[in-house]
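Presented below, as structure tokens, is a lone chain in the form predicted on its own.
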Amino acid sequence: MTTTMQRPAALRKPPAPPKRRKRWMPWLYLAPALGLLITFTYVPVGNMVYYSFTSWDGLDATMDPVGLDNYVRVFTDERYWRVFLVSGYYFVASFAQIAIALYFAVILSFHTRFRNLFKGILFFPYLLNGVAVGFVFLYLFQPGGTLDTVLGWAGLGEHTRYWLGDPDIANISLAGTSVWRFTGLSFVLFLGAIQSIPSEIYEAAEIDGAGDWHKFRHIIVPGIRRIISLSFILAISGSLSVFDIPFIMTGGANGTRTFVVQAYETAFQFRQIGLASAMAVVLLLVVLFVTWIQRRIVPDEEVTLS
């Protein structure tokens, strides 16, 4: 016959109170996401910053520290800082991209014939791979290509040029390609924001006699202000980090080399990982600085339409 000794009820450990258990539950759910974020974002960035203070070629087991020499070279060697000016073409083109996307988003947010067809047409380029877009426009801009043929049919054959071979116009051609590709992304952002505005506000404005321009200025623009701010941030960061379009279409020739293309060639063609890491750190700081200025000019305030 066996007997079991039971612990007196007064000596048992009381269960954790509900509030105490709820305190660490959010961290339990966040742990996987935080682990992935730290592993694949912050750790590589930390390694990149460390490499930027070395003269590592990417192959040797040892890294020779060089202090700030890589950063001094980025800011004093014309080959590295001058390519930043090329980003100005894409920066200006990003304003045209936002204006075109906002125009079509406003038009197609209301009752328009075949609007679903036009939505698909506008968003389709963004679904294409950057390599595919580069090859498509490479054939479009080549001498005697599609663009020259269309100009010839329209009686404008004398305006044909070396669209990618002339340094005066090559960056404009590439920036136009970038606008064609990314207008769909801005369009979808604007379209979703505009359609989230309650229809009762438009009806009340119509009763008060507001026209289309007044509805756009006093209802749509305040209602999508955050999306406009987000679009500008994406446009700024995108214009400073352009890579695939110029790399595929021209390889950086004819004055089309961007800062990222220059960093890629420095890292993988000239085996200067330390210097390329310093260029990447400079690019990151510039994007953060420009974004900070943009946020100061257009603060993210609570917007109400009432």
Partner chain sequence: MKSSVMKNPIKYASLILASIVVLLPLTVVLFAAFKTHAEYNSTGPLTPPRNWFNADNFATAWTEGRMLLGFWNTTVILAISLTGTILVGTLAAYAVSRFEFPLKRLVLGLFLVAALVPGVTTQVATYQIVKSMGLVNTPGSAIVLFLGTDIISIYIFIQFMQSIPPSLDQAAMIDGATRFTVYRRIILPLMKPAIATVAIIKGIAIYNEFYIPFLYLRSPDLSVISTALFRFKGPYGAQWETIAACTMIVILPTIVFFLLLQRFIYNGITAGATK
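Residue numbers count along the first chain shown, from 1. Think of the rigid core as the biggest set of C-alphas that the two forms share within 1.5 Å after superposition. Since the structure is predicted, the reported quantities are computational estimates derived from the model, not experimental observations.
This next part talks about the form predicted together with its partner chain, which is not shown.
- Contact with its partner chain in the predicted bound form, judged as any non-hydrogen atom within 4.5 angstroms, is confined among 71 to 79, 102 to 110, 217 to 225, 87 to 95 to 102 to 110.
- The contact with its partner chain in the predicted bound form, taken as any heavy atom within 4.5 Å, belongs to L230 out of L230, L156, I201, I172.
- Contact check for G209: no non-hydrogen atom falls within 4.5 Å of its partner chain in the predicted bound form.
- Within this chain, K119 lines the site of its partner chain in the predicted bound form, having a heavy atom no more than 4.5 Å away.
- Among heavy atoms of F247, some come within 4.5 Å of its partner chain in the predicted bound form.
- Under a 4.5 angstroms non-hydrogen atom cutoff, its partner chain in the predicted bound form lacks S55 among its neighbouring residues.
- Scanning 172 to 201 for heavy atoms within 4.5 Å of its partner chain in the predicted bound form gives W180, L185, V188, L189, G192 in sequence order.
- Fitting the two forms on the rigid core leaves the C-alpha of V290 displaced by at least 2 angstroms between the shown form and the other one.
- A movement of the C-alpha atom of T39 reaching 2 angstroms or beyond is seen between the shown form and the other one when the two forms are aligned on their rigid core.
- Comparing the forms between the shown form and the other one, the C-alpha position of A253 differs by less than 2 angstroms, with the core used for superposition.
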